[in-house]
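Only one chain is shown below, in structure tokens, and it's the form predicted on its own.
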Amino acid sequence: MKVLLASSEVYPYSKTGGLADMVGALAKYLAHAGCQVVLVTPLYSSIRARHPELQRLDWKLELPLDSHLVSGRVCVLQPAHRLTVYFIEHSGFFERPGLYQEHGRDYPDNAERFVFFSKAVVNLARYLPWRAQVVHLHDWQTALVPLLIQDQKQRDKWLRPPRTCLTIHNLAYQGQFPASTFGLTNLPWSYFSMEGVEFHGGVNCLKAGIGHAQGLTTVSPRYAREITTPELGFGLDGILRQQDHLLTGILNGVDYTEWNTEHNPNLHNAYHKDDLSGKTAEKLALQKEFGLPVNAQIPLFGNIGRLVHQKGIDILLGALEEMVAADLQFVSLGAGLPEFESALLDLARRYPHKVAVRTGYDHGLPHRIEAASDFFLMPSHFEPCGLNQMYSLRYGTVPIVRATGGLDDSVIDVRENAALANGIKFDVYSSSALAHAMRKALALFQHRDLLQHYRNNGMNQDFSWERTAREYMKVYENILTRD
């Protein structure tokens, strides 16, 4: 099967979050499974310097954006057998400090940037001698592609175009822009309608993809159900209910070649479920690194991620204020809203022996925090999939999660199954509910045999990408056989 994946970020080339991890791993494991895979992504700053083997093709893009013709180039890498990566080069659009924003503010020309990228994806899908059978799009930045392909099929007589699949990683981000940006698509104005891209008088890229892709997926089964409800549908629950017959929830996988505790250059000490002495050593090393009292008997809570409302940072701050008097430590790595960054840094200043905070991005530190922590906090308001809870399980770290989306699909609470329990869940979105879950964790920490039971269950969990890639291949096969 020939599959073209298109994403605005792909690990290890670019990354702001789990989207990059998912697409990079899916491409690799589809190729392992025998698919011929092409991956298309923008050529951001520093990629060329980090990959000097990158080659520029004799392929010039001349793509219309409204009344202008915009030029771009295509570069290529072949990192693995049956996997080719094409980078869309446009210095004005993509050679910037950030992928989507700077200093917490979206780039004002994001519509132009990602309409151009979407048109480049369509150009490659149509004119590469290698012809994709399925084009798999990811999130709003590529969600116009199904509509652009449909239009070229109807107006330009594109014979046998590829089928399209759209994965919704986070419905909260939809690519909404003023109506004036519709001209950038160069589509007939008939598409600016309730059945097309129009949404409350403006353009909604994700809506266009939902309405025109032949297959829809989300990154967990529960999230596929949640987004068809008014509570978590973000205004698109109606069209998602209409397209429910196309919608499949597939839990993301974990790339265990990178996220493991035995052969990991990011860790100082190797360990496994039958010998956790290396995990204890990682804890002591992290306490020292963060300037906390070095003591294995103090329960250590970790948190990694974007500091935004979706991740439950507001209730996390409230719970920490309530719990910081207890005998515990907390470490955080992340960046996001300035008010959340400031609040966490202030907490660390007030409780320097209990709270330590790092802002920004560090490739190796997430591994060390996951390995060192006894408990990992993910109090998300909603969570399409989540990856850190699955990393935590493999690292013998007990996740404390709110029962939503992929968190609910991947973590087992003792109330659900005592024999298989691997984490702690709470339901109500509140600081007091999270604090209650943290008190359960403190009690668990005192019962070493029970804690070991949770850790063993977690480390035995298998969220491998081999399984996930096979599920996506089934979706592709269904799309190809659908009329």
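Throughout, we count residues from 1 along the sequence that is shown. These numbers come from a predicted model, not from an experiment.
There is another form of the same protein, the form predicted together with a small molecule; it is not shown, and what comes next is about it.
Proximity to the small molecule in the predicted bound form, defined as a heavy atom within 4.5 Å, singles out one entry of A335, L124, L232, C75, which is A335. With the partner omitted from this view, the residue of F117, F94, Y391, Y86 that lies near the small molecule in the predicted bound form is Y391 [heavy atom within 4.5 Å].
At least one heavy atom of D362 is located within 4.5 Å of the small molecule in the predicted bound form. Although the partner is absent here, G18 sits close enough that one of its heavy atoms falls within 4.5 Å of the small molecule in the predicted bound form. Using a 4.5 Å cutoff between non-hydrogen atoms, P161 does not count as a contact of the small molecule in the predicted bound form. Although the partner is absent here, H381 is not a contact residue: none of its heavy atoms lies within 4.5 angstroms of the small molecule in the predicted bound form. The stretch in contact with the small molecule in the predicted bound form, judged by heavy atoms within 4.5 Å, is 302-310, chosen from 302-310, 321-329, 67-75, 272-280. No residue in the set G396, G423 and F463 has a non-hydrogen atom no more than 4.5 Å from the small molecule in the predicted bound form.
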